[in-house]
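Next up: a single chain in structure tokens, the form predicted alone.
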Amino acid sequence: MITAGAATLALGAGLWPGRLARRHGPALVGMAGITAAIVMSLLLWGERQDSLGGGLRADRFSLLLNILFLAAAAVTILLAWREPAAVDRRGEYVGLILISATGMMLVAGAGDLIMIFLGIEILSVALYVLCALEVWRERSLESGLKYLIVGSVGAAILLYGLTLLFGATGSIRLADIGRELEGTSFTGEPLVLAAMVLIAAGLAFKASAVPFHMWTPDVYEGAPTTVTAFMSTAVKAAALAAFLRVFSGVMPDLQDDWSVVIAVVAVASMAVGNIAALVQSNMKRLLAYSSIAQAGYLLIGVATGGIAGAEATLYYLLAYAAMTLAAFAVVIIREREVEDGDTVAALTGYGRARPVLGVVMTVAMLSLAGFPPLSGFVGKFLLFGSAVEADLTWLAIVGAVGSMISLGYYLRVVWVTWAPPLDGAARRTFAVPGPVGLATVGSAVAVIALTLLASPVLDACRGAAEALLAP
């Protein structure tokens, strides 16, 4: 309610008289709404409240993810402080970011099938428009159109799967569906099997998991970079939240059947994402393939099931959001300074010209690669450990091999960042606006803080996982 109201006010603020008011008013309104929503989530922490007849629940699982979605939205708004796409469309930009975040929160707190689909559609429709927000740029329009077409196919498949699940169980409530499926198996329930396959495929579209990942590099490259950063973090978190809600939360008794399917998707995502990223020369495409591989790591936690798997997935979602936003923040700053600033070559010597941004990019890349003791290492350690505990040791080994392959492209970015500059391009720098610098440095600090505060963060993740599995 708070974010939806803030979105409406931000849209109205974009119409205020005076260019200065139109430029900064929506962002200030949006940040106020995000702050209020985060405070409300913290106040509700530890409680379980149902609304809309059980269709929407506020528990630790949904509240933890709400904070993640809102933090990603706040960073996205700050990074666009002088974004060309947002200068004259500030109200629409902030409003659509908040509407998309609202959809994500509906997915995380869904108590029935309708709320899951409604949340997915709300977040998706807002992102279709955001991808095409730079209407004067052909690649942006192409990105929005591609995402619309592919997203519509994914939504249709997801809806079909949800419909079959309703037909098989006779209820739209997740709790009732879980009770109905107790003691059953896919072998004896072919309609449930078909429903699960279609639901997994629909959610895999949103998570950029193989074989439904084809749209990701093109859409990420064509969309405004701030929007790409939001998509690669918050949208992936929403998709994984839906995976956990439907599979781990509703049908733990069927885990032996669906965990193998999820594990195969995870292996394919890690293989395709890591190998394809090795040959990318564009940072946005490199991070797109990286996100495909990261979806594979995250799905390890889903495949293992139980509290340990959900806890590891939630912690790694927090770490992944921080390190990915930090990497995209440096790319956003660089592409405003030089032509083709989103290429890997544009970062050559950038760390020597801007040591702070060089350190931010280095922290992000090393954490994404899983270097100890950064939070990316802690997250992968938890994910692989949960796989071993669930007798899926082979999946942990594949994940470790995938991490070693990823060193090839993550360390290449680090090396390029600190290499001697080839020409004067590295010294071509502009002053970074305060809000952009705050979001950039804050993301890198979050990567480190998640390591230093791993114990309390893991306690929160475990509480969220226990709430997910509670009836």
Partner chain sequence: MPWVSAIVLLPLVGALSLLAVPPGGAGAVQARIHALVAALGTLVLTVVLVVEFDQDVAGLQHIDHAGWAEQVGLSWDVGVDGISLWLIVLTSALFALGVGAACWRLPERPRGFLALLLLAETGLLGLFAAGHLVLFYVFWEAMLVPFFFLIAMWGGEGRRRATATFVIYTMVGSLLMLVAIIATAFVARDATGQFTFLIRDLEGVAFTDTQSTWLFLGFALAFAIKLPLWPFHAWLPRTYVAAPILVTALLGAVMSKAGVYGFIRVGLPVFPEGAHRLAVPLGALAVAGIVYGSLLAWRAPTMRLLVAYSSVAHLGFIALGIVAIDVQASQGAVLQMINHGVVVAALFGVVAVINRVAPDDRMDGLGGLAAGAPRLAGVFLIVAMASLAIPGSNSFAGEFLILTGVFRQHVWLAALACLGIAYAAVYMLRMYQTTMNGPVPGGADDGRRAELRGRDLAILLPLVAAMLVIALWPRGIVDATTRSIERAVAPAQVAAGRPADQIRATPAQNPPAEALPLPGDEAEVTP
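Keep in mind the model is a prediction, meaning the values are calculated, not measured. Positions refer to the first chain, counted from 1.
Separately, the form predicted in complex with its partner chain exists; it is not shown, and the next lines address it.
Heavy atoms within 4.5 Å of its partner chain in the model of the complex are found in exactly one of 50-58, 435-443, 407-415, 34-42, that being 407-415. Candidate site formed by Thr362, Ser403 and Ser455: every one of these residues places a non-hydrogen atom within 4.5 angstroms of its partner chain in the model of the complex.
Distance criterion of 4.5 Å from any heavy atom to its partner chain in the model of the complex singles out Phe377 from the list Tyr128, Trp215, Phe377, Phe117. Of the candidates Pro252, Pro190, Pro372, Pro211, Pro372 is the one whose heavy atoms come within 4.5 Å of its partner chain in the model of the complex; the others do not. Its partner chain is not drawn, but in the model of the complex it has a heavy atom within 4.5 Å of Thr393. In the model of the complex, its partner chain sits within 4.5 Å of a heavy atom of Val388.
When contacts are judged by a 4.5 Å heavy atom cut-off, Arg137 does not count as touching its partner chain in the model of the complex. Though the partner is left out of this view, Val235 does not reach within 4.5 Å of its partner chain in the model of the complex, counting heavy atoms only.
Residues of 121-159 include none with a non-hydrogen atom no more than 4.5 angstroms from its partner chain in the model of the complex.
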